[in-house]
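Shown next as structure tokens: one chain only, the form predicted on its own.
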Amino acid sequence: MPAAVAVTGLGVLTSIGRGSEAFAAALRRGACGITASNADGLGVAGRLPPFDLGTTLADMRLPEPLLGRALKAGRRAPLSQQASLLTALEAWTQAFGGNTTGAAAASIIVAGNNVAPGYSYRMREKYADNFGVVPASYALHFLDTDQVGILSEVLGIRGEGFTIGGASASGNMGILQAWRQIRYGIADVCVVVGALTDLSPLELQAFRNTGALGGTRYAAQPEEACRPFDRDREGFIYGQGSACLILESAASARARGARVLGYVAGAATCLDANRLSNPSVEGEARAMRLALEQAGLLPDAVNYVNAHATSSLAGDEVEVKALQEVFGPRVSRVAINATKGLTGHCLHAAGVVEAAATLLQMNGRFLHPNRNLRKPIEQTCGFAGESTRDLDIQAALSNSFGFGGINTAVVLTKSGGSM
């Protein structure tokens, strides 16, 4: 019988909070981390607050030699790798304390591909006049596998490790693969990290040229720029962020008396046979149904959806129709919100960030606001309002959909059920 899959650790770093406690408090307040600036070329975006890696690691009170390994591996690493390191260390210490003696058999999955074009862009600017002096370390750091290497070195992990990409669905793809690893006995513990997508002005302008990126209409009011499911939305808002979940077999968690934050009860992905960016009602609904089938649940069991809802013109409309397909008339009684209204769209990391948000709401028994939703595009859906409210989340869907027709859904539950 496949193993039940528990979540025993969680780490987060976004524009609205560093660390799971700060992130949960910001969710409860409905805080928005989206600001506007031309100094960094990002325009309207959800920026990470500046941090010094050494100071931040010291604040985490890690034991030696874990702290020493983290400083050695991460001090000169690019932003995305440093963010992954911080979230992974928070999640690991939450699950296991500072003990890494059992880490060797664990697996690592880093969600995201081509995660650091911003780093490459800055290096190109810095060394444009003399490529001959580009540091040798760049040959490692520009590769996504550097993320796996740093985490494995710091935590002492010698099991499987790889990166997985799926555009904006990458985070959920990472959770799906980690769930399969635990479920089918490949590993008892898996570290799944949603890597921060470090974009440059080049990628942002390309998104702007496609009509996908917003931020023009609300440039003077950036906190209002991301408007999931609202009629006045104009496109997604880039958000910097990373998150990590520790997935563990429920049997392993029970044996060591670990605190369980929730369970990954099911997950699924499917394609649209479409290379473009336009979404599909059929594909999104199929992914949700497949995830529920894997979890052994009917749609009636779900009382919360953390929607993909990027604030895009086409995407939000399609997701509403897909939710109506899955839940039918009951869609009005399912609570729906979108974390991107607070953080911006964290791209490759979005699925892990939003799974973390779902678990924190589940444990805190609340529903964060659906910020800026004043003119809903559909009246029949159970959208969250602009105020936090109490909610006892028992079973949730967390959706992520990516360019190229990639559809994913993850089912998170409060209890392990019969799996």
Partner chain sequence: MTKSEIFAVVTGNLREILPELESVSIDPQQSMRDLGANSVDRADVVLQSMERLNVTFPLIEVAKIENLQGLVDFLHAKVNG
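Positions refer to the first chain, counted from 1. Fair warning: this is a prediction, and the values are worked out from it, not measured in the lab.
Here the subject shifts to the form predicted together with the partner chain, a form of this protein not shown in this document.
The candidate site formed by 93, 96 and 104 is entirely out of contact with the partner chain in the predicted complex, as no residue has a non-hydrogen atom within 4.5 angstroms of it. Although the partner is absent here, residue 137 is a contact residue: one of its heavy atoms lies within 4.5 angstroms of the partner chain in the predicted complex. Within 4.5 Å of any heavy atom of the partner chain in the predicted complex lies no heavy atom of residue 329. Within this chain, residue 231 is remote from the site of the partner chain in the predicted complex, having no heavy atom within 4.5 Å.
Under a 4.5 angstroms non-hydrogen atom cutoff, the partner chain in the predicted complex has residue 72 among its neighbouring residues. The partner is absent here, but in the predicted complex a heavy atom of 76, alone among 217, 256, 259, 76, sits within 4.5 Å of the partner chain.
When you look in the predicted complex, the only residue of 128, 273, 276, 133 with a non-hydrogen atom within 4.5 Å of the partner chain is 133. For the partner chain in the predicted complex, the listed stretch (137 to 145, 185 to 193, 265 to 273, 319 to 327) containing residues with heavy atoms inside 4.5 Å is 137 to 145.
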